[in-house]
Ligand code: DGI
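The data below hold one chain only, encoded as C-alpha coordinates and taken in the form predicted alone.
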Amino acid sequence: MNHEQYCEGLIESVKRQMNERRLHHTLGVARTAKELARRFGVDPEKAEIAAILHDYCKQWPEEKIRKVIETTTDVPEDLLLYSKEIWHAHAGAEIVRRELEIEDEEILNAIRYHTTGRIEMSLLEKVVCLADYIEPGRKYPGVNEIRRQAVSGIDQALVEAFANTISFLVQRKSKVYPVTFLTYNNLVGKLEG
(Lines give C-alpha, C1' and ligand atoms only; values in the text may rest on other atoms or scores of the structure.)
Protein backbone atom coordinates (compact mmCIF):
# COMPACT_ATOMS: atom_id res chain seq x y z
CA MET A 1 0.00 0.00 0.00
CA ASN A 2 1.40 3.38 -0.94
CA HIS A 3 1.19 6.55 1.15
CA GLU A 4 -1.84 7.93 -0.69
CA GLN A 5 -3.81 4.70 -0.16
CA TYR A 6 -2.75 4.60 3.49
CA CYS A 7 -4.00 8.17 4.02
CA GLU A 8 -7.29 7.36 2.28
CA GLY A 9 -7.77 4.55 4.81
CA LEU A 10 -7.00 6.91 7.69
CA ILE A 11 -9.50 9.43 6.33
CA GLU A 12 -12.16 6.71 6.25
CA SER A 13 -11.43 5.98 9.93
CA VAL A 14 -11.54 9.69 10.78
CA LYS A 15 -14.88 10.13 8.97
CA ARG A 16 -16.48 7.77 11.48
CA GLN A 17 -15.33 9.96 14.38
CA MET A 18 -16.55 13.41 13.34
CA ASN A 19 -19.14 15.44 11.53
CA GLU A 20 -18.75 16.89 8.03
CA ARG A 21 -17.62 20.32 9.27
CA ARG A 22 -14.85 18.86 11.46
CA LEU A 23 -13.80 16.58 8.59
CA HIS A 24 -13.54 19.60 6.26
CA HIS A 25 -11.30 21.30 8.86
CA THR A 26 -9.19 18.15 9.22
CA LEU A 27 -8.62 17.86 5.48
CA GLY A 28 -7.67 21.55 5.38
CA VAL A 29 -5.15 20.96 8.16
CA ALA A 30 -3.72 17.99 6.26
CA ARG A 31 -3.22 20.03 3.07
CA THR A 32 -1.73 22.93 5.02
CA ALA A 33 0.57 20.63 7.01
CA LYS A 34 1.96 19.09 3.81
CA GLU A 35 2.62 22.56 2.40
CA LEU A 36 4.30 23.78 5.61
CA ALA A 37 6.31 20.56 5.86
CA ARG A 38 7.77 21.12 2.42
CA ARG A 39 8.48 24.77 3.22
CA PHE A 40 10.27 24.04 6.49
CA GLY A 41 12.02 20.75 5.64
CA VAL A 42 9.81 18.23 7.45
CA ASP A 43 8.70 14.84 6.12
CA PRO A 44 5.42 15.76 4.35
CA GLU A 45 4.06 12.22 4.67
CA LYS A 46 4.43 12.24 8.46
CA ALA A 47 2.93 15.72 8.59
CA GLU A 48 -0.05 14.59 6.53
CA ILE A 49 -0.67 11.52 8.70
CA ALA A 50 -0.46 13.51 11.95
CA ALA A 51 -2.73 16.22 10.54
CA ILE A 52 -5.35 13.73 9.36
CA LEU A 53 -5.43 12.26 12.87
CA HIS A 54 -4.97 15.44 14.95
CA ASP A 55 -8.67 15.77 15.92
CA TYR A 56 -9.47 12.05 15.91
CA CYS A 57 -11.55 12.11 19.10
CA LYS A 58 -12.33 15.85 19.30
CA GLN A 59 -16.07 15.21 18.99
CA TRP A 60 -16.27 12.30 21.39
CA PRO A 61 -18.38 12.76 24.52
CA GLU A 62 -16.51 14.48 27.34
CA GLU A 63 -16.71 11.45 29.64
CA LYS A 64 -15.27 9.14 26.99
CA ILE A 65 -12.27 11.45 26.50
CA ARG A 66 -11.87 11.83 30.28
CA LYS A 67 -11.76 8.05 30.67
CA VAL A 68 -8.99 7.74 28.05
CA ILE A 69 -6.96 10.39 29.85
CA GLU A 70 -7.51 8.82 33.28
CA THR A 71 -6.38 5.41 32.04
CA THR A 72 -3.31 6.57 30.11
CA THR A 73 -0.10 6.68 32.12
CA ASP A 74 1.86 9.31 30.22
CA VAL A 75 -0.78 12.07 30.22
CA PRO A 76 0.01 15.04 32.48
CA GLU A 77 -1.96 14.72 35.71
CA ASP A 78 -3.16 18.32 35.64
CA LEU A 79 -4.64 18.20 32.12
CA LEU A 80 -8.16 17.52 33.39
CA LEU A 81 -8.05 20.70 35.50
CA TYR A 82 -8.12 22.77 32.31
CA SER A 83 -10.51 23.25 29.41
CA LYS A 84 -11.85 20.12 27.80
CA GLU A 85 -10.95 21.78 24.47
CA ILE A 86 -7.36 20.59 24.94
CA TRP A 87 -8.10 17.06 26.16
CA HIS A 88 -8.65 15.53 22.73
CA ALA A 89 -5.03 15.97 21.73
CA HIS A 90 -3.56 13.69 24.40
CA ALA A 91 -6.52 11.31 24.24
CA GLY A 92 -6.33 11.21 20.45
CA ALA A 93 -2.66 10.26 20.43
CA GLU A 94 -3.44 7.33 22.72
CA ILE A 95 -6.50 6.25 20.75
CA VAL A 96 -4.78 6.26 17.35
CA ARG A 97 -1.96 4.25 18.90
CA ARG A 98 -4.46 1.66 20.16
CA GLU A 99 -7.05 1.60 17.40
CA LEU A 100 -5.05 2.47 14.28
CA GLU A 101 -1.74 0.99 15.44
CA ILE A 102 0.20 4.21 14.87
CA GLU A 103 3.54 3.65 16.60
CA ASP A 104 5.64 6.52 15.25
CA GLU A 105 6.35 8.71 18.30
CA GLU A 106 6.98 11.77 16.15
CA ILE A 107 3.50 11.49 14.67
CA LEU A 108 1.95 10.76 18.07
CA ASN A 109 3.69 13.77 19.61
CA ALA A 110 2.49 16.01 16.79
CA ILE A 111 -1.06 14.91 17.62
CA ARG A 112 -0.47 15.12 21.38
CA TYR A 113 0.89 18.69 21.41
CA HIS A 114 -1.06 20.36 18.61
CA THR A 115 -3.28 22.29 21.06
CA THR A 116 -0.98 23.21 23.95
CA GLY A 117 2.47 23.06 22.41
CA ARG A 118 5.41 22.17 24.62
CA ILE A 119 8.91 23.38 25.30
CA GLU A 120 11.31 22.34 22.54
CA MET A 121 8.62 21.25 20.10
CA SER A 122 9.95 19.26 17.16
CA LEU A 123 9.61 20.79 13.72
CA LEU A 124 6.89 18.23 12.87
CA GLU A 125 4.97 19.22 16.02
CA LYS A 126 5.26 22.89 15.04
CA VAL A 127 4.05 22.18 11.50
CA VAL A 128 0.92 20.35 12.65
CA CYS A 129 0.18 22.90 15.36
CA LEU A 130 0.55 25.82 12.95
CA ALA A 131 -1.45 24.05 10.22
CA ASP A 132 -4.31 23.68 12.72
CA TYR A 133 -4.19 27.43 13.37
CA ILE A 134 -4.05 28.60 9.75
CA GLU A 135 -5.83 26.07 7.55
CA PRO A 136 -7.95 27.88 4.92
CA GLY A 137 -11.25 27.39 6.78
CA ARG A 138 -10.09 29.34 9.84
CA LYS A 139 -11.73 32.77 10.09
CA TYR A 140 -10.81 34.23 13.51
CA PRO A 141 -9.33 37.69 14.22
CA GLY A 142 -5.58 37.68 13.58
CA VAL A 143 -5.43 34.55 11.41
CA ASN A 144 -4.26 36.46 8.33
CA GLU A 145 -1.32 37.92 10.27
CA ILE A 146 -0.35 34.41 11.41
CA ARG A 147 -0.58 33.21 7.80
CA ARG A 148 1.72 36.07 6.72
CA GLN A 149 4.21 35.17 9.46
CA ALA A 150 4.13 31.51 8.34
CA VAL A 151 5.53 32.45 4.94
CA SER A 152 8.94 33.25 6.40
CA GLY A 153 9.21 31.71 9.85
CA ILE A 154 7.45 28.98 11.74
CA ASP A 155 8.54 30.15 15.21
CA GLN A 156 7.35 33.71 14.60
CA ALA A 157 4.01 32.43 13.31
CA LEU A 158 3.59 30.19 16.35
CA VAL A 159 4.46 33.04 18.72
CA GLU A 160 1.68 35.04 17.07
CA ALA A 161 -0.70 32.06 17.26
CA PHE A 162 -0.02 31.25 20.92
CA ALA A 163 -0.22 34.96 21.84
CA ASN A 164 -3.60 35.06 20.13
CA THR A 165 -4.82 31.99 22.05
CA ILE A 166 -3.52 33.24 25.40
CA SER A 167 -5.07 36.65 24.84
CA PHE A 168 -8.41 35.09 23.86
CA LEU A 169 -8.47 32.94 27.00
CA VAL A 170 -7.47 35.83 29.26
CA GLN A 171 -10.19 38.05 27.77
CA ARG A 172 -12.73 35.31 28.53
CA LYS A 173 -11.27 34.95 32.03
CA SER A 174 -10.56 31.27 31.27
CA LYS A 175 -7.65 29.29 32.64
CA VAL A 176 -4.59 28.99 30.43
CA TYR A 177 -2.79 25.66 30.49
CA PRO A 178 0.69 26.38 31.96
CA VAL A 179 2.49 24.43 29.24
CA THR A 180 1.08 26.87 26.69
CA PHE A 181 2.68 29.80 28.55
CA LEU A 182 5.96 27.88 28.71
CA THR A 183 5.77 27.10 25.00
CA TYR A 184 5.13 30.75 24.17
CA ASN A 185 8.07 31.87 26.35
CA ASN A 186 10.34 29.23 24.82
CA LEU A 187 9.50 30.35 21.28
CA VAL A 188 9.96 34.03 22.14
CA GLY A 189 13.33 33.17 23.69
CA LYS A 190 14.41 31.44 20.48
CA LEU A 191 13.45 34.49 18.45
CA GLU A 192 15.29 36.82 20.81
CA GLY A 193 18.27 34.72 20.22
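We number the residues from 1 along the sequence you see. What you see is a predicted model; the values in this text were computed from it and never measured.
Note that the form predicted together with the named molecule isn't included here; everything after this is about it.
Is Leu123 close to the named molecule in the model of the complex, meaning a heavy atom pair under 4.5 Å apart or at it?
It does not: once the named molecule is placed as it appears in the model of the complex, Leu123 has no heavy atom within 4.5 Å of it.
Residue-level contact is defined here as any heavy atom of the residue lying within 4.5 Å of the named molecule in the model of the complex; does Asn109 satisfy this criterion?
No - in the model of the complex, heavy atoms of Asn109 and the named molecule never come within 4.5 Å of each other.
For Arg16, is any heavy atom within 4.5 Å of the named molecule in the model of the complex, or not?
Contact check for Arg16: no, nothing within 4.5 Å of the named molecule in the model of the complex.
In the model of the complex, does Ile86 have a heavy atom within 4.5 Å of the named molecule?
Output for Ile86 is yes: heavy atoms within 4.5 Å of the named molecule.
Select from 128 to 148 the residues with a non-hydrogen atom within 4.5 Å of the named molecule in the model of the complex and write them out in sequence order.
Sequence-ordered list: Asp132, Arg138.
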